[in-house]
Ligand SMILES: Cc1cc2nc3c(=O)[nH]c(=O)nc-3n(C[C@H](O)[C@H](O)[C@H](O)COP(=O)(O)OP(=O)(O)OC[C@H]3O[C@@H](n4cnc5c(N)ncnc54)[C@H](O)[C@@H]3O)c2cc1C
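First, one chain by itself: the form predicted on its own, in structure tokens.
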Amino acid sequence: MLRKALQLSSCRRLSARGLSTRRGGSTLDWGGKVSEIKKKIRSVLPGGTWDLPYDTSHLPPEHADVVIVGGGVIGLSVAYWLKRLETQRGAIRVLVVERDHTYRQASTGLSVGGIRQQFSCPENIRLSLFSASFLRNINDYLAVVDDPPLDLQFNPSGYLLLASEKGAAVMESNVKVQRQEGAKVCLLSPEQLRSKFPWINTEGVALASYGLENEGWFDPWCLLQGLRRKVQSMGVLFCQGEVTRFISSSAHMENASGEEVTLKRIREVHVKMDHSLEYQPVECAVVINAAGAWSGQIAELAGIGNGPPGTLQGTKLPVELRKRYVYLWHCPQGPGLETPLVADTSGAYFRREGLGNSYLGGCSPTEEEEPDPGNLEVDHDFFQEKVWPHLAQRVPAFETLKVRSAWAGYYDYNTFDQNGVVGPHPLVVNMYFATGFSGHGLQQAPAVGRAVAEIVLEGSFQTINLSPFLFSRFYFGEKFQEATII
């Protein structure tokens, strides 16, 4: 009973009240009221026209229906679907707050741009199938009048996942689920694998799964810029700044067990301007936490997790910064143009980059090897000691590879079960999450954006049921584990 109440009550509460940020009216008449105030001031001041005492064009608006914290591909997708699904044009005022307008540290631009349906959880498969359709028809969604069409440079070479004897049964089970969900995936024996990809060494491989459709990689920067261009044309507002504080109101109630809980509603978001001590309070009805690797800090600002251990109030958002390295190397005798993205039994992965025998790849470290996320410096020894030996063992041609460059990026890593967190918080009732995807957020962004917009506007998931991704699972200790994290 408590579980059901936690999942549904906040959605109903919000949909009943609507998206108005002010009692007795919406934010859409604010401009008119400001104009009236100016007229009154002008009428009592002697001579001349009345001007603001200083330029405020760099500040966010004082009112927004929805404030999205994080302007990466997830946040922009939420903004897109909120505007796409609004009942009439201009009905919802959306503000996106992004602290890094260059996106230098954004996970989107630093990723390898892969998309696959080879997951263990049906919900992840459905999300990626939806996103694959979105990406295939990108200009039906994101075209802007008089602007050139988007070219995501999608390479449909598929994913090739390798399993040892120990992992073969799990892979077989996963592929069965993937096929049931409509994904086109086949299983390959070691002999079939050697026949199709002669460059691969099948030692230690008992089974492989190969994506036949809707898998490969694309240009993540193009998707990011295309979403940003589109939502700006739809009237979404942008602000470069950092969210530093939430102002909330509280109400106390008893749950079904007789335990007193405090419900919070965020009324204002304080946005600190870049390179300044200045901040702007933004009155709002809904806050979307799409801050990626920093979403745990945003949750803490809202008081989430600041309660006694073992209680709902004391349950933290288990999303933290994890640093991952991507290496670019050249190998003249390496695998050819038909090469898929290969995920080895060791955890190492690689794919081709362009036409000139260049490759991208890396490997997720063990818990003990996790690097310091305080900077984006690259550990080149990690490649020599932990990545290259596995690559050379699986693809003998890689014995002679030469590393040309490398970079590091961030995962918004969900330490609980490596799956996304989507939907409202049960106690901070107007904060919604879109985070924690642990490396597969880029490929699922179009579908996640729609899911969040649906639950904000309709009070429930419509297209894909993402109830297993709700925050309440952390309190109940119910893991929704994704087995195939690359």
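Predicted, not measured: the structure shown is a model, and the values here were computed from it. Numbering starts at 1 and follows the sequence shown.
The following text describes the form predicted together with the ligand, which does not appear among the structures shown.
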item: Proximity to the ligand in the predicted bound form (heavy atom, within 4.5 Å), stretch among 229 to 237, 250 to 258, 205 to 213, 93 to 101; value: 93 to 101
item: Residue 242, heavy atom within 4.5 angstroms of the ligand in the predicted bound form; value: yes
item: Contact flag, residue 303 vs the ligand in the predicted bound form, heavy atom cut 4.5 Å; value: no
item: The ligand contact in the predicted bound form: residue 442, any heavy atom under 4.5 Å; value: yes
item: Close approach of residue 110 to the ligand in the predicted bound form, 4.5 Å, heavy atom; value: yes
item: Position in contact with the ligand when the complex is considered in the predicted bound form, options 326, 144, 186, 273, heavy atoms within 4.5 Å; value: 326
item: Contact assignment for the ligand in the predicted bound form, among 398, 410, 383, 416, heavy atom within 4.5 Å; value: 410
item: Residues within 4.5 Å of the ligand in the predicted bound form, restricted to 66 to 89 and counted by heavy atom; value: 69, 70, 71, 72, 73, 74, 75
